[in-house]
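This document opens with one chain alone, in structure tokens, the form predicted alone.
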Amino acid sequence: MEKLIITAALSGAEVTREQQPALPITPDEIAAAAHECAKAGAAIVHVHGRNDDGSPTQDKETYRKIIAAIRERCDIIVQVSTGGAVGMTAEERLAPVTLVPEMATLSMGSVNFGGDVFMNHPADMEIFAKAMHQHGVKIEYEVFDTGMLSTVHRWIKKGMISAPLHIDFVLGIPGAMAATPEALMYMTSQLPAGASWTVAGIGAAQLSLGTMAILLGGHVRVGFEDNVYYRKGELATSNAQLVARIARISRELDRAVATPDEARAILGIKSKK
């Protein structure tokens, strides 16, 4: 079994300091959290920009500062979000891709998102994919339900995307597919040939589905974007604490943890160092 790639989703767009006092917000805080996660075993950091007041932003210059600050500290793979926050325009969301990061996410459809709707118009999705290809950015296809995975297959048949693909199953969003073992097993059974995959379990499912992924040969995303607790009623002290736990579980199960360079090799990323 190939080594485990751990992604740390450091802050997201929705979590607040009131919910998680250790949430990194400024570029320096995000970079420091990325460095801690790299030392704990993460190979990728999934990054959302924040304004000084904590509100979400896709401002290109904010992302430029974040990426530069991370690269000063460590060689972890930086994966920018193009999800941004609910209500942002497609143009806003795509802006960080022009900085040519190593990776970026691409959500594969619209979905009810708690009390909101996360809109991803098919034409915008195609624009995002083309921009990422043009800039040489490795795409992580974000899949929240089975219809989005069907869209991935449809794009493959049309020749719009080609292997090797990397897919992130985001399970447990209210309004999307449940974060259950049965859901994960079904999703993995429908993967395109040769695709690698990660699971991001929301809330308490971060640990259970992450452990399943280790055993099934997938990869794992942890972090404050998806879960602010270490266990029920106990806030995590840092993103790195969540990374260290999944790394420890993987090693106990005799599956080694990938370094950033090993993750690049697994995912087919050419280093931009």
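Note that the structure is a prediction, hence the values are computed from the model and not measured. A residue's number is simply how far along the shown sequence it sits, counting from 1.
Keep in mind that the form predicted together with a small molecule is missing from the display, and what follows is about it.
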Q. Looking at 249, 25, 13, 22, which is the one with a non-hydrogen atom within 4.5 Å of the small molecule in the predicted bound form?
A. 13
Q: Answer with one of 109, 172, 84, 101: the residue that has a non-hydrogen atom within 4.5 Å of the small molecule in the predicted bound form.
A: 84
Q. Residues in which of 40-48, 64-72, 205-213, 237-245 have heavy atoms within 4.5 Å of the small molecule in the predicted bound form?
A. 40-48
Q: Would you check, heavy atoms only and a 4.5 Å threshold, whether residue 142 touches the small molecule in the predicted bound form?
A: yes
Q. Should residue 118 be classed as touching the small molecule in the predicted bound form when contacts are defined as heavy atoms within 4.5 Å?
A. yes
Q. Is residue 36 close enough to touch the small molecule in the predicted bound form, meaning at least one heavy atom pair within 4.5 Å?
A. no
Q. Going by a heavy atom distance of 4.5 Å, is residue 198 a contact of the small molecule in the predicted bound form?
A. no
